[in-house]
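The chain below stands alone and is given in C-alpha cells; this is the form predicted alone.
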Amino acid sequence: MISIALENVSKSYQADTPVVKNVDLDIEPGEFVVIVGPSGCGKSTMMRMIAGLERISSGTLRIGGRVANDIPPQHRDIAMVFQNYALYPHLTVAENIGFSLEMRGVSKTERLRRVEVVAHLLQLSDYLHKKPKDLSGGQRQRVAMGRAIARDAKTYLMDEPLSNLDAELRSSMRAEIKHLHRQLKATMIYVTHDQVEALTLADRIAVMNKGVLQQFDTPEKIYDDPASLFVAGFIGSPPMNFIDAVCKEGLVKTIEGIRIPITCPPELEGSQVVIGLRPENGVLSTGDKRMAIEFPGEVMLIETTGSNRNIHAKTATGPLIVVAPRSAAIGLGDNVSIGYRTEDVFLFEKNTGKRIHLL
C-alpha cells in the first residue's frame, strides 16, 4: 500500500488550453478512489500523469511521499488496466497474464506460480490454456486485470475497464473488483464516467468537470451534501430536479412567483439561485402537512424501473421527476401534486454554481 498526492497539478497541451487545472488530491494508502466525470473532464489525463504516461505541466506528484514528476513509468511500481483489453491474440490466457513478468526477467517457476495464484483469484484457472478469442467479454476483462495483478504492484490504476461490457456483466465485475481490492489491500484509482460505478465502488470519489476538481469525499457525503450545482446534477439517478429562482425579500421565489418557504442569506438579496430537489425525496401527495412545498402538475411520462416508477410531470415551474412505488395508482395525463419538505431542498448560486448552505 502506498499514498499518492497531487499538489496543485495542471496539464496543458497548449499554453491557453489546460485540460487539468490546479488539482489537489490526497489518496491514502490502500484507499479505493474513483475519479468520475463526463467525457473530456480530464479524469483519464490525471490517471495517465500518475502512471507517468503524461508529463505534468505544473505542480507536484508524490508517490509514497517521494516527488515522482520525473520518475519513469517503469519505476513507479504501478500497474494499469486500460479500457480496451489489449490482449495478445496469439498467446494463451496464462501467457497473457505472465507476459509482463517475462519481460521483467522473472524466472519461469515464479511466473507459473504467480499466474496460478492470479488465475485462482479471478476464477480463470479453467481457461489458462485458451486464447482470447475463445473467451467472453467479462473473461477477457479479468485476464487484463490478471496481467496487472500478477505484477504485485503497490498501486493499481483502472481506466474505464468495464465500459465495453453489457449491464449485467458490469454489475458482476463491479462486485469482483471490490472483492479484489479487499483481498489485495492495495491502493486503487479507478476512472469512470458512470456515477453508479463511482457510488458502489469508491471509498472516496473525486468529481471532475472541465479539468477542475469539484469535490473529493465519500460517496455518502457527495450524494447528501454536494458542493456544487454540477455535482448535484451529475451524481444521482434519476438526476436532481432544478428550478430557477431568485432571492427576494429574504425568501426564495421561483421565476413564476411561487414562494418557497426557506430563508435566503441577506448577502444574496436580488441574486438568481437554483433550487435542487432529488426525485426520491418527492412525494405524490396533496394536503400532507409534512410537505411544506407543493408543485401541482400533469403526468407526461412514466418509466418503470422495477420496484419503482419514475413519474415525469409538467408543472408551472418546469418539468419535475418524482420516484414513486410501482403500486402507485397513476396514469398518463393524471393531475398530481409533488410535495417536498423544506429540509430536502438544496440551493445553489446560479452564476457560480456554488452550494448555499441553509440555516
Partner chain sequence: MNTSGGVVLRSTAVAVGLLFLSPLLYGIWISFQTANRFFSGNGEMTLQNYVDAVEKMNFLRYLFNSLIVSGGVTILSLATSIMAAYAFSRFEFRGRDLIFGLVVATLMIPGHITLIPNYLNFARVGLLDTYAGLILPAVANGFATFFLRQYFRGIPRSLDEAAWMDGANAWKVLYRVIIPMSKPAIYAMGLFIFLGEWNSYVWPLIATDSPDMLTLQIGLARLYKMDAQEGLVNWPLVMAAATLTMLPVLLGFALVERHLVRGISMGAIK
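Everything numeric in this text was worked out from a predicted model, so none of it was measured. Under this definition, the rigid core comprises the largest set of C-alpha atoms superposing within 1.5 Å between the forms. Residue numbers count along the first chain shown, from 1.
One more form of this protein exists, namely the form predicted together with the partner chain; it is left out here, but the text below deals with it.
With the partner chain omitted here, the record of contacts in the predicted complex names 99-107 of 217-225, 171-179, 99-107, 273-281, defined by a heavy atom within 4.5 Å. Although the partner is absent here, Arg48 is a contact residue: one of its heavy atoms lies within 4.5 angstroms of the partner chain in the predicted complex. Residue contact with the partner chain in the predicted complex: Val115 places no heavy atom within 4.5 Å of it. Proximity of Gln183 to the partner chain in the predicted complex falls outside the 4.5 Å heavy atom cutoff.
Proximity of Arg151 to the partner chain in the predicted complex: non-hydrogen atoms within 4.5 Å are present.
When the partner chain is considered in the predicted complex, only one residue from Leu268, Val196, Leu91, Ile258 comes within 4.5 Å through any heavy atom, namely Leu91. Among Met80, Met240, Ile189, Ala245, the residue placing a heavy atom within 4.5 Å of the partner chain in the predicted complex is Met80. Contacts between 57-77 and the partner chain, taken as any heavy atom within 4.5 Å in the predicted complex, involve Pro73, Gln74. Comparing the forms between the shown form and the other one, the C-alpha position of His75 differs by less than 2 angstroms, with the core used for superposition. Relative to the superposed core, Leu91 undergoes a C-alpha shift of no less than 2 Å between the shown form and the other one.
Relative to the superposed rigid core, Pro261 undergoes a CA displacement smaller than 2 Å between the shown form and the other one.
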